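Before any questions on how it binds or moves, here is one chain, the form predicted on its own, in structure tokens.
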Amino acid sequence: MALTFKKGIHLNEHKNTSGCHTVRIAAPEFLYIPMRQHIGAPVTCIVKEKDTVTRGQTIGTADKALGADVHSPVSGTVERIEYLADASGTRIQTVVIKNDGMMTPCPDLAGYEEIYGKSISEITAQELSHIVRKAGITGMGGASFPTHVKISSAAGRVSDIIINCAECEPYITADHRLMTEAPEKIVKGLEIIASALSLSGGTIAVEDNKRDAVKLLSEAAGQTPGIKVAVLRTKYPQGDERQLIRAVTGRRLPAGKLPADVGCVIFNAATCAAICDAVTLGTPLTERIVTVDGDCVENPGNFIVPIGTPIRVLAEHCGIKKEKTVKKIISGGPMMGTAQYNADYPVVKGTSALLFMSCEDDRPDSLPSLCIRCGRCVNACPMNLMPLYLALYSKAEDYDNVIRYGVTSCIECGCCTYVCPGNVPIVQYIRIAKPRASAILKARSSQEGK
């Protein structure tokens, strides 16, 4: 029987590209590499204009705990260093590289066995954390949390490794294609992580709408002791870490706690494959699979894209329907993704999908927003919150009550907004309230500590 969690919702999946094999897109003439592609402070740029770079060469180094190195995806010349606005409007230092078309590899890249002179099965958590940090690997499911921090914090604390292959958001099929085209990388990545954390194996969790992936991953795992493939019921937001832990292990992750606090550590499928490449080949994270879809796209599909490729390059490659007007470009899925500031911003490490949507796919703006107290948002909320009150108090800027109703526990999955017949943008109200509520809580904690 498929594993699942309580509440949540069933969505129209729109997995239009699940059968589209990945196609490698040629690197454009100019690539734009932001110095912040992760949660945490920007990395320090270590190149300057007119410098020559090779493919995989480090161009930004992390000097803070929450950071991951940044690398050039091509060989060429640093054209300039400028500032680009990301989805929030924040200007990020960006290295613009002119591609020489040669793809000359960085001579310093080497795998674990070559560097350390011992078998990968002997890798330690400290060694793996160092390799992952230098390879610039972050959470590739969209969260962009530096992976080396997760490995370090899990050492000696966890008993269960879970590889998140749920991919529960509509439209996105990038991980599905990875699972079907390179299942051995995911399995090998899990083996490496398990060895480093002194565990015998782990669980690869896949939703039951990906039966082909379940079969191929099971075959790739073969008789490897300790590695199992768990089949999850297709439901949103099954890919959230709290729901995933609940479904796979039966444990509850309390509010304010991390997965390691209940003995678990979770890695996205693409992150796991990137760890495999970094350890076995010494390859840093310079490209990723991106799903391109939406009702405006002429030829949707899955593409291996160099990080730093401008969004408009993918739009031109796939084509935009002449009869459609693009109203929104969403990075990620329609539930938790982020509308982009413009099409000049590039693909980054956390870009799992790009959706080009027309006005027909949005709710009519003319309809008024009105809560009718139907309770559908409460029934759908996987965190057992009362979203209608969170929206009400957020709108009134009553942050004491916002905190009282547990806003910091909200995972911003968007289930509440999706099911609301009153057209209330509940999750948007919550997103506005959360940072203000967190600031109040931090101030109170500081005062109590004096």
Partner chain sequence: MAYENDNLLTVTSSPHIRSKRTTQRIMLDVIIALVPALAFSVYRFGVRALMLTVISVFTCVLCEELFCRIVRRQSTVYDLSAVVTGFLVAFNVPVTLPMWMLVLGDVFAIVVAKMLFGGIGQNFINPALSARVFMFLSFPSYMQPTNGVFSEYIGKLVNADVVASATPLTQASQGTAVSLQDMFIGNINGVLGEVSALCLLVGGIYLIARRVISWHIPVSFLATAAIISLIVPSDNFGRVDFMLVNLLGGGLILGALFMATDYSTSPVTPVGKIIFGVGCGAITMLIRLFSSNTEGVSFAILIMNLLVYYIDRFTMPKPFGTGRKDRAGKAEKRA
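Positions refer to the first chain, counted from 1. As the structure is a computational prediction, the values presented were derived from the model and not from experiment.
The form predicted in complex with its partner chain exists for this protein as well; it is not shown, and the discussion that follows is about that form.
- Contact annotation for the candidate site: M102, G136 and I161 all lie away from its partner chain in the predicted complex (no heavy atom within 4.5 Å).
- None of 24-32, 37-45, 402-410, 52-60 except one has non-hydrogen atoms within 4.5 angstroms of its partner chain in the predicted complex; the exception is 402-410.
- Checking C371, I81, I120, L199 against its partner chain in the predicted complex, a heavy atom within 4.5 Å turns up for just one residue: C371.
- The single contact residue among K215, K328, H130, R233, judged by any heavy atom lying within 4.5 Å of its partner chain in the predicted complex, is K328.
- Although the partner is absent here, E316 is a contact residue: one of its heavy atoms lies within 4.5 angstroms of its partner chain in the predicted complex.
- Its partner chain in the predicted complex is approached by V419, whose closest heavy atom lies within 4.5 angstroms of it.
- Contact check for I115: no non-hydrogen atom falls within 4.5 Å of its partner chain in the predicted complex.
- Within 4.5 Å of some heavy atom of its partner chain in the predicted complex lies at least one heavy atom of P382.
- In sequence order, M383, N384, L385, M386, L388, Y389, Y393 are the residues of 383-398 having a heavy atom within 4.5 Å of its partner chain in the predicted complex; the partner itself is omitted from this view.
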